[in-house]
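In structure tokens, the next block holds one chain alone, the form predicted on its own.
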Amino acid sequence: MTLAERVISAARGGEEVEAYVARGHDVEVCAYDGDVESLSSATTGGVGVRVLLTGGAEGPRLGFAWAGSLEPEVVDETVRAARDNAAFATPDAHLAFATPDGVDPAALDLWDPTVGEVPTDDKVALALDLERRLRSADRRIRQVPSADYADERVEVALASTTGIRAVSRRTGAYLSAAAIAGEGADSHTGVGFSVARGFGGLDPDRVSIEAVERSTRMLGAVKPTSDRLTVIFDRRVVSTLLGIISAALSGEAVVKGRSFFAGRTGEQVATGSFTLVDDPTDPRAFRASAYDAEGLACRRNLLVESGVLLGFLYDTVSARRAGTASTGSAVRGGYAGAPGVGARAVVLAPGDQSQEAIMSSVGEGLFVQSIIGVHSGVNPVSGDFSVGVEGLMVRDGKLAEPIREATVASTLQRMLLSVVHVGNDLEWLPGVAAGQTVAVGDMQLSGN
């Protein structure tokens, strides 16, 4: 915080200054064929500076600059560059820095010291052991193209001349692996992973079991017959879909007419079993945080309740454009990026059924294990949805023959109104959304 305070003390008359200072340490280990393919350990640090010129008749002008160094002379040059950039920026009446809004930050402990205390040799041993497990787990496993360990420690200080002061820190540890299973000319890849705050929370057994199961159960997959049916989405797929839906719940997207939710506040946009929140104050969430990327306290934002759209996510600028207040939802990719609005911890209110119980209730349908072509096949503006899928048919409530080279299609609007089951198997995943099993009725499956 000392450095951030020094940066904002350089503010001149007619300008506001914000400093985002971060430092971190990362370790990555990649095991392959019984040996260490790569090992890296890096310490990073940098500063992002925003300068807002407030005195112009046409409106404020914003300049941004960053540097991957915390050396005083480099930081001073970064402030000068941000000020120069502001002088040439386009005026915008909605530009402003966040100001304290009276919301107290949640008391979150997101730091596990073991990430830094565990010897690197132990981290290497874990990756090598995981690779060995996979190679011997099933005779059909032909190759283990990756078995990786990674961890990170990140500390951030943010200060501004508008009164913002925020300090946060977090750790994370990751274990992942891919397995290629094959029989004859047929082969399929499955991926398993485990995430935790610290080294001790990782589960190599789970990683191995997931990678092997997801690869072997797809052997013999065929192109299915086209049909209309209920589709059961795996937890990982639901996490991806909720991430797309959360982008459509951005206040910035709504103001710009780039969301299929625009103008629908108060409407029934989903089934009554669908309640969606973004709650970065839940410490189980991988991207939990006490503060957003502008230094405001993060808070629980209820977006859809019992299928009714209640509101959107805002940072300071998007809120000003919409004539409302920030929801503490600013995000940024680090000191090299400026803040924007986004979700951190989107989650559906859990239902009361397991994945197995949902399959039994559906009886006949399709279980989707993975989707392909999300960025080209899902449009958060129009809601059009058409993606490639791999998975298994569900017959008599049980997983049956695997399928591939298939497409499922609908619209996001129709899918939300056709949710028939939400699972109780909530799983916090590395992205912006948690995962759990969700079944959607009346979708088009295209195959033969």
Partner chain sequence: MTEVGTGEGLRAIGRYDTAVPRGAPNTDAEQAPLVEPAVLERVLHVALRRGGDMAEVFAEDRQTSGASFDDRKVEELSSGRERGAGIRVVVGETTGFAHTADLSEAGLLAAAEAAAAVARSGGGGARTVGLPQRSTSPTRGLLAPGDVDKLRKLELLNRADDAARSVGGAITQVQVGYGDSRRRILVASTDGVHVEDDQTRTRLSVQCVATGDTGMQTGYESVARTEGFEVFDRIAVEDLARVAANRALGKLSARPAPSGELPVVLAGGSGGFLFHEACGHGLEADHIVKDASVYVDRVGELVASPLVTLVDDGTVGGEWGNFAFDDEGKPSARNVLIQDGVLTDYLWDWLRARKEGRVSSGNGRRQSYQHLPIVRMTNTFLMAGTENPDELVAQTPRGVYVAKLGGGQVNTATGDFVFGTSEAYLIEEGRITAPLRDANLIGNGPDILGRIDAVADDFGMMPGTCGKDGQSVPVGCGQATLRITGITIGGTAA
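Numbering follows the first chain given and starts at 1. Please read these numbers as outputs of a predicted model, since none were measured by experiment.
There is another form of this protein, the form predicted together with its partner chain, and it is not shown here; the text below is about that form.
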item	value
Proximity of G182 to its partner chain in the predicted complex, heavy atoms at 4.5 Å	no
Its partner chain contact in the predicted complex: R264, any heavy atom under 4.5 Å	no
Its partner chain contact at I372 in the predicted complex, heavy atom, 4.5 Å	yes
Non-hydrogen atom contact S376 with its partner chain in the predicted complex at 4.5 angstroms	yes
E356, E117, E364, D84 - the one with a heavy atom within 4.5 Å of its partner chain in the predicted complex	D84
Answer option from E294, D278, E252, D151, heavy atom within 4.5 Å of its partner chain in the predicted complex	E252
Contact segment among 326-334, 199-207, 270-278, 186-194, judged by heavy atoms lying within 4.5 Å of its partner chain in the predicted complex	186-194
Contacts with its partner chain in the predicted complex, stretch 23-56 (heavy atom within 4.5 Å)	Y32, D35, V36, E37, S38, L39, S40, S41, A42, T43, T44
